[in-house]
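One chain follows as structure tokens, the form predicted on its own.
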Amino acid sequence: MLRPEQITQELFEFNRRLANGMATLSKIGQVDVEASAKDPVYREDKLVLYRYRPRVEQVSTVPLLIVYALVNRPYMTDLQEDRSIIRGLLDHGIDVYLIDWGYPDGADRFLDLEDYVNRYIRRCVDFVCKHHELPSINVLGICQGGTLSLCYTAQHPERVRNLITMVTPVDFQTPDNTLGQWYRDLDVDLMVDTLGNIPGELLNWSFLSLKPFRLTGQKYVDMADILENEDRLKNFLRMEKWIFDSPDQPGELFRQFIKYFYQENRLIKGNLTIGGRAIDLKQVKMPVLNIYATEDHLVPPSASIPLEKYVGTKDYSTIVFKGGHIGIYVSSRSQKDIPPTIAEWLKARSKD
């Protein structure tokens, strides 16, 4: 038990750190994100396809297209120099492209799965294939982007040479999937018909509510311990910027995604169609690398692990990352393990 003088000293120290922290914050100003140089190479509506500039002389002959989720911004994969999956891939000679979905607005209210899978992703893949004069390329789908990548690959297997899925939900109705249980009973028709596009802030707060004490309270108390360290405070602020940088979701896409995946689990039941064509995961016959995180509270391992039994490939590999949904992008262990493992896996399967 703390004595009164100890409590007084603790409070004094806390207030001193807060006071010094204000001076640190005033010096920092706007924090920068995105560490790696890139160039826009294709645009369609609000979508921009970027190609990252190489960081080594010899790059892979088969490029990698990253398909990120529509929730939050893709710069999480390139947050800062020492926290960048993309930078790690570039350093290992991977030629990296990335789809930036932009910020949907009212004009995008009626975009649906067909638009994202068979228009946007298909045209980006076609662009990269044509530019490199290749019949197929490598694809890395992340979170919701992984699910969309699976749908694209199942319908266009001839265009995907190797498929990587990272923290990607496949079975949306496992018992420990809290987000899935929330969405299961959601009246998504009422929600979309009322709101149109789904506000990013609304979705963001629902994600934070999955760990309310840690993500909306404790971390700000802990922040007092780093207020006097400018570098650590910048790291914290970059994460805050990303967390609250949440684009709105196109209404029809949201309606379909919640109904087809979370409420009806069609992807693994074999009754999902997009654009009138069935999504058959058995058509995913190219090599597959599935990466999931053991402490993921948004996409629990139980939602990702089942992929193996539904795809048709005979070359299936797994990376088990000991961490959470965010740590897999930015932790020091992730930087050390994930990019080199992906690069090695791809190079072994991308030889002409």
Partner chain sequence: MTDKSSSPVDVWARFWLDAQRKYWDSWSDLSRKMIQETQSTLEAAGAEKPEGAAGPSDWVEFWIAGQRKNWELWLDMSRQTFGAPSGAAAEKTSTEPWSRLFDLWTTFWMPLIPGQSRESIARLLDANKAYFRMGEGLWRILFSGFGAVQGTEAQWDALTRGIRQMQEQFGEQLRTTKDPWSGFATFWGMPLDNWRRVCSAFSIMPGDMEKAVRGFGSPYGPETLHQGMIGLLSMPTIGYTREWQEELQRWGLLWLDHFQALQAYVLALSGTTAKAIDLFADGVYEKAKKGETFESLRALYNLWIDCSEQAYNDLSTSDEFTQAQSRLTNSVFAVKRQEQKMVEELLSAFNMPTRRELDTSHRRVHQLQRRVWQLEQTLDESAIMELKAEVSVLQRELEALRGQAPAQKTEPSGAARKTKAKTST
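The structure displayed is predicted, hence computed values, not measured ones. Residue numbers count along the first chain shown, from 1.
Keep in mind that the form predicted together with its partner chain is not shown, yet the notes after this line are about it.
task: Look at the stretches 100 to 108, 137 to 145, 80 to 88, 165 to 173 and give the one with heavy atoms within 4.5 Å of its partner chain in the predicted complex.
output: Heavy-atom contact with the partner occurs in 100 to 108.
Partner contact for T273 in the predicted complex: its partner chain, 4.5 angstroms, heavy atom: Result no; T273 lies far from its partner chain in the predicted complex.
Its partner chain contact at S26 in the predicted complex, heavy atom, 4.5 Å: Yes, S26 lies within 4.5 Å of its partner chain in the predicted complex.
message: With a cut-off of 4.5 Å between heavy atoms, is A348 one of the residues that contacts its partner chain in the predicted complex?
response: A348: no, not in contact with its partner chain in the predicted complex.
query: Is Q58 a contact residue for its partner chain in the predicted complex, using a 4.5 Å heavy atom cut-off?
result: Contact with its partner chain, no.
Heavy atom within 4.5 Å of its partner chain in the predicted complex - residue from R266, H131, R119, R232: It is R119 that has a heavy atom within 4.5 Å of the partner.
- prompt: If we check its partner chain in the predicted complex, which of the residues in 17 to 52 reach within 4.5 angstroms of it by a non-hydrogen atom?
  reply: In sequence order, R17, L18, A19, N20, M22, A23, L25, S26, K27, G29, Q30, V31, D45 come within 4.5 Å of the partner.
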